[in-house]
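Next comes just one chain, in structure tokens: the form predicted on its own.
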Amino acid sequence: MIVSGNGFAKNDGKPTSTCFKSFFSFLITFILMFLTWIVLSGKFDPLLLWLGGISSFFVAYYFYDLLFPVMESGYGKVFFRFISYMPWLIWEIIKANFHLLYLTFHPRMKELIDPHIITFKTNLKSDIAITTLANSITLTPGTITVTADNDGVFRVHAIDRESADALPGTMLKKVAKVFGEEI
């Protein structure tokens, strides 16, 4: 396996230790499921912890490849870059909420709200980078990703001209940086 620039594996024909990688994916999925179960249930009785562990085991056994399909050496780097992207995204969501609040309570609201559908093309190649950008746009209030295709063409609905002008902007650069892609 070779890790490409975006942190995901490509098979180069050499044998790999897929059993270890699968087990590692299973283990991380199990731990995440069990911790989620503990946080959401708030129960610490031995029987309930055991049942939560069994449930988490079965979920991890059947679905470990959905969360962590390939555990390669570059995966951790992408993971930590994504974690560092999250505070910036949350800040953008907060700023967009205040912008929508301003639009909603402004006396000239009908004049300020000017819906647009904009189309732009990105150089993002990996499906996960395209999906991350589409979801980030949709999570930001005032914008909704209408379509995003494999070629990196996005159609986005924006509530006003200011929101439309900001796209794709910094968000595209940050997502490309997370996945190690050129823009």
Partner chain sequence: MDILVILFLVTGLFFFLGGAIGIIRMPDFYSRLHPAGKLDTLGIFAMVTGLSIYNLHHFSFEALLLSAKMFLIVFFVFLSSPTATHSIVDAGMRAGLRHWTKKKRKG
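We call the rigid core whatever largest set of C-alpha positions still superposes within 1.5 Å between the two forms. Positions refer to the first chain, counted from 1. This one's a predicted model, so the numbers in the text were calculated from it and none came from an experiment.
Keep in mind that the form predicted in complex with its partner chain is missing from the display, and what follows is about it.
Asks: Applying a 4.5 Å heavy atom distance criterion, does T143 contact its partner chain in the predicted complex?
Replies: Output for T143 is yes: heavy atoms within 4.5 Å of its partner chain.
Asks: So, in the predicted complex, is R161 in contact with its partner chain at a 4.5 angstroms heavy atom limit?
Replies: So R161 counts as contacting its partner chain.
Asks: I'd like to check something about P115: if you look in the predicted complex, is any of its heavy atoms closer than or equal to 4.5 Å to a heavy atom of its partner chain?
Replies: So P115 counts as contacting its partner chain.
Asks: I'd like to check something about I83: if you look in the predicted complex, is any of its heavy atoms closer than or equal to 4.5 Å to a heavy atom of its partner chain?
Replies: Contact with its partner chain, no.
Asks: Across 120-137, which residues bring a heavy atom to within 4.5 Å of its partner chain in the predicted complex?
Replies: If the 4.5 Å heavy-atom criterion is applied to its partner chain in the predicted complex, 120-137 yields only N135.
Asks: Once the two forms are fit on the core, has P87 moved its CA by at least 2 Å between the shown form and the other one?
Replies: Result for P87: no, shift under 2 Å.
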